[in-house]
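Starting off, we have a lone chain in the form predicted on its own, written out as structure tokens.
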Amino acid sequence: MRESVKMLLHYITGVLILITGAIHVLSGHFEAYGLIKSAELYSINKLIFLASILYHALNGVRVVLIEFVPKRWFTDSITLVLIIIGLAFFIYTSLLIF
């Protein structure tokens, strides 16, 4: 994947964090008024929130590390390591959500 696509995804996940985070925070108020009808949709919102936060945070870490050592082999290795960490964390946490 090209760097421009990765950064576009970084911006999109930033917007998704704002939207799904607002839903997550306001859900307490919605639940108090009986407006949350489906627990499944709320769980999907939490998964989208989790995936967005993971991608946004790990891509930020990747960009910072690449600034320190801009060699191609380091870029590829750090990307692979962060993908493995992100997937492991996502799978573990998604099992806790459901």
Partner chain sequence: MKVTFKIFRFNPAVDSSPRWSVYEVEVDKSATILDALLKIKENIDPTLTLRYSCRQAVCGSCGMVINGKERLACFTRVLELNSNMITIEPLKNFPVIKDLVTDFTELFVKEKTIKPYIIRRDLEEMMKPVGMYLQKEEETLSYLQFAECIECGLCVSACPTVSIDRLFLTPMVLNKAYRFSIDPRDEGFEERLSIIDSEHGCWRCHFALACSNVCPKGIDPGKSIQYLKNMITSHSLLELFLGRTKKKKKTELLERPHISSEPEI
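Since this is a predicted model, take the numbers as computed values, not measurements. Numbering follows the first chain given and starts at 1.
One more form of this protein, predicted in complex with its partner chain, exists but is not displayed; see below.
Highlighted residues S4, L8 and Y11: every one comes within 4.5 Å of its partner chain in the predicted bound form, counting any heavy atom.
Scanning L50, L58, I66, I44 against its partner chain in the predicted bound form with a 4.5 Å heavy atom cut-off leaves one residue, I66. Along 41-62, one residue reaches a heavy atom to within 4.5 Å of its partner chain in the predicted bound form: R62.
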